[in-house]
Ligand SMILES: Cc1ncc(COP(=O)(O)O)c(C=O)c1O
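Coming up is one lone chain in structure tokens, specifically the form predicted alone.
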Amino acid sequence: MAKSYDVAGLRDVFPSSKKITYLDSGFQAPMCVPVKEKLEQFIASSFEDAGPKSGWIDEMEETRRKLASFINASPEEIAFTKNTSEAMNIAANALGLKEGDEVLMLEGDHPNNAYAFMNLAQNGVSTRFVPMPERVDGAYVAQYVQDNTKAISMSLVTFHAGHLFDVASVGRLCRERGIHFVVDVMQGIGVTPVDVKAIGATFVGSGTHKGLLVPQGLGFLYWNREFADAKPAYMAAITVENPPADFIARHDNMALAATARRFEIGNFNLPGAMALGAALDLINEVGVHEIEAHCYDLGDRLIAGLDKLGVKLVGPRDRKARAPHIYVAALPADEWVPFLERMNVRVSPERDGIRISLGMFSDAADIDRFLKVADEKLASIAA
């Protein structure tokens, strides 16, 4: 057993976890008290003080600093986006790929990552999907790299089966070959440590409504500024190095910001950014390594229980290949998801079964209740 933390006390911070067996954090994290309070603070401030926007922006910039520290980046390398999909589209269009270039991706990875690059077909850029094994690392990907492979894009953690890929070794391969690397960390961040310098990607993108505990509508993009030629597909006043104080556009003032601000077009999701600051404080207080270890232990308990029930696990079993918090049981989703909902157990349908996804607040009782309910249903089917 890994070093743990006060999970029982933490569940008080996630009140819904005490009312429902919530095993669906891979879809949306339940709201925690610090996030709720920060959103209420924003509403009260807007309602009572008519919107002190400059103060909100200052708080957003503080969140940018917190987020940068959390992923081992500098604040200048972070742009706020609406979600992962926008981050991936910004990245795809900023790489300067041209006709004849190829982007390599994994078959079955998240479609909102893939479509961002597939859309480059209008510029003559091709995309090629390679098989997705349980383990993906630089050596595996290297066998598929061709002379015209100019970018590789993949997830850190897969949404549909909980693979955890060795993106750091893929990043090393890309640096050695002069290939751009784009990583979607949405399904891992907040539960699995993310170090963008260790990953070594040109771009890393994510939303914030899963492991980062914030409602939908906020994401971010990390830009490795060694690649200074990365240009945005669109512009606004905030995009340029010296936004015009008089709000008049001029042809001699189009130099792009030297920071990741070049990828922002404003206005910002200010309440979301403020809430993210509160969420990061909570995650850091608990410790992301501790959250990861806790979820791995719960995952071991879940896998052992599924084995006892004779239910197949979709995806990797080994801790070296699996994410700590995403597990798919090979049970027909169209039948099991509605049943579990009636039993006050929340999971998600997935392409090969039902997805059980854990959060920092999940505990052994959640796993045991799911297994008990599943056992009873399986027994009734067999009767």
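Since the model is a prediction, treat every value here as computed from it, not as a measurement. Numbers for residues come from their place in the sequence shown, where the first is 1.
From this point on, the text means the form predicted in complex with the named molecule, which you will not see here.
Exercise for the section: Check each of Phe80, Phe117, Phe181, Phe159 and return the one that places a heavy atom within 4.5 angstroms of the named molecule in the predicted complex. Expected result: Only one listed residue qualifies here, and that residue is Phe159.
Problem - Listed residue that, although the named molecule is not shown, lies within 4.5 Å of it in the predicted complex (heavy atoms), from Ser155, Asn224, Asn269, Thr192 - result: Answer to the contact question: Ser155.
Practice task
Indicate whether Gly277 is a 4.5 Å heavy atom neighbour of the named molecule in the predicted complex.
Solution key: Taking the distances in the predicted complex, the answer for Gly277 is no, it never comes within 4.5 Å of the named molecule.
Exercise for the section: Determine whether any heavy atom of Thr202 comes within 4.5 Å of a heavy atom of the named molecule in the predicted complex, and answer yes or no. Expected result: Result no; Thr202 lies far from the named molecule in the predicted complex.
Handout entry: Contact test in the predicted complex: Ser85 vs the named molecule, heavy atoms, 4.5 Å
Key = It does: once the named molecule is placed as it appears in the predicted complex, Ser85 has a heavy atom within 4.5 Å of it.
Practice task
May I ask you to state whether Gly171 is within 4.5 Å of the named molecule in the predicted complex, using heavy atom distances?
Solution key: Gly171 lies outside the contact set for the named molecule.
Practice task
Would you point out which of 140-148, 299-307, 228-236, 104-112 contains residues with a non-hydrogen atom within 4.5 Å of the named molecule in the predicted complex?
Solution key: Residues of 104-112 come within 4.5 Å of the partner.
Exercise for the section: Would you give me the residues of 270-301 that have any heavy atom within 4.5 Å of the named molecule in the predicted complex, in order from first to last? Expected result: The stretch does not touch the partner at all.
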